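What follows is a single chain, given as structure tokens, in the form predicted alone.
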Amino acid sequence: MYSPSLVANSGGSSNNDNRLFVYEVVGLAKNGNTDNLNYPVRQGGSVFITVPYGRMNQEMRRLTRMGAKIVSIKPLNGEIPLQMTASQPTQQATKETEKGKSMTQAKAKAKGDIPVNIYRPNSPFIGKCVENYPLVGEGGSGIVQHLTFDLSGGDLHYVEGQSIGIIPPGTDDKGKPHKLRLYSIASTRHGDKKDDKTVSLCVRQLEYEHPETKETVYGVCSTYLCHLEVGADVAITGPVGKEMLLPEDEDANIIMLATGTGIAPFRAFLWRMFKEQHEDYKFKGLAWLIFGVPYSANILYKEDLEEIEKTYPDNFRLTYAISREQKNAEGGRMYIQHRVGEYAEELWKLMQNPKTHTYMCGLKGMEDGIDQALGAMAAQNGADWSEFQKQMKKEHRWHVETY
């Protein structure tokens, strides 16, 4: 899912780019791969390498390929130490210690340690497309693809609910490189292969009629991705986003309101809850997905969703709003806001539970209708929906990412 609202926060270059840092490295053996290095390599002990800030990721990957291990990173000339966050290369130390663990052993990251902007637009990670297959069935509307990118050789990691940036090749009509587009991640932190080495997206090809020329216009990045060949390189930035994160509470109730490719973060949620096995996370609450699509053929990941519903009937509830095939109470098309209206009483009761989190992802146009449906139910219960919504936001229980 494309997330334009996040682009402004995806980060760029900073004043740190000219600073120098010293890597303390062990495990570099004298061999043909190290003969051309511009620093001495000893048979044992530590090697100290001065690295510009802007090349830290690149140098780290190069050293890793040569079998070295970075023990520490310190500023040169006694500068104030680099404030290490998950967006900076020293996270590799943690990643290396967990690399040998199975998926069920790897611990979830703490809330204060959410990875952000590990790769920026001026130095993206170059991944490789390993999957690109259609999600829309026969008779459906539009082109929607599931893409998976190989992240091997880098330090890009993420958690459910985040987004990555994609930089399409080529230039715009002004001759400048295309700007990145952000897409919600559709895989869990372990990836579809469950090996911590991939990331997946759910992308719809943008197509619309030019208001003046009436010509069909296709989105630059979405068209590039939807037709990307397996084996092709792709420039990736990020991850970004903290608004849509899945709570760590195993007993939480998760209400998910999605339209179209807004299913992406919820696929990640549900796969973590029900398709993966974790020692440190075993979902025990209720997950309820209300999914709006135009046709049955547009129900993305339909077989997987219905299998989860069948296997975990006490923990997962699935409700469709199929606008071109179903009618609402007034006889019109059944949109997601109408389904929310039908179940408003149940949803309202769930929201009274402090363990309930509500997520909305997809078309921005659904917000008003959903507010109206839930507002009417709040009024019936003597409450003001706007004030209640503000309180849920304050409690970090109301999460919205629309476009």
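Just so it is clear, the model here is predicted, and its values are computed rather than measured. One rule holds for the numbers: they count along the sequence shown, beginning at 1.
One more form of this protein should be noted, the form predicted in complex with a small molecule, which is absent from this view; the next part is about it.
Visitor: If you check in the predicted bound form, is residue 273 within 4.5 Å of the small molecule, heavy atoms only?
Guide: Looking in the predicted bound form, residue contacts with the small molecule do not include residue 273, since no heavy atom lies within 4.5 Å.
Visitor: Indicate whether residue 211 is a 4.5 Å heavy atom neighbour of the small molecule in the predicted bound form.
Guide: It does: once the small molecule is placed as it appears in the predicted bound form, residue 211 has a heavy atom within 4.5 Å of it.
Visitor: Although the small molecule is absent from this view, report whether residue 181 comes within 4.5 Å of it in the predicted bound form, heavy atoms only.
Guide: Yes, residue 181 sits close enough to the small molecule in the predicted bound form that at least one of its heavy atoms falls within 4.5 Å.
Visitor: Decide whether residue 71 counts as a contact residue for the small molecule in the predicted bound form under a heavy atom distance cut-off of 4.5 Å.
Guide: No.
Visitor: Identify, from the list 188, 222, 237, 298, the residue with a heavy atom within 4.5 Å of the small molecule in the predicted bound form.
Guide: Of the listed residues, the single hit is 222.
Visitor: Only one of 202, 246, 255, 268 comes within 4.5 Å of the small molecule in the predicted bound form by heavy atoms, so just point that one out.
Guide: For this set of options, the contacting one is 202.
Visitor: Quick one: which of 114 to 122, 134 to 142, 247 to 255, 214 to 222 gets within 4.5 Å of the small molecule in the predicted bound form, going by heavy atoms?
Guide: Going through the listed ranges, the match is 214 to 222.
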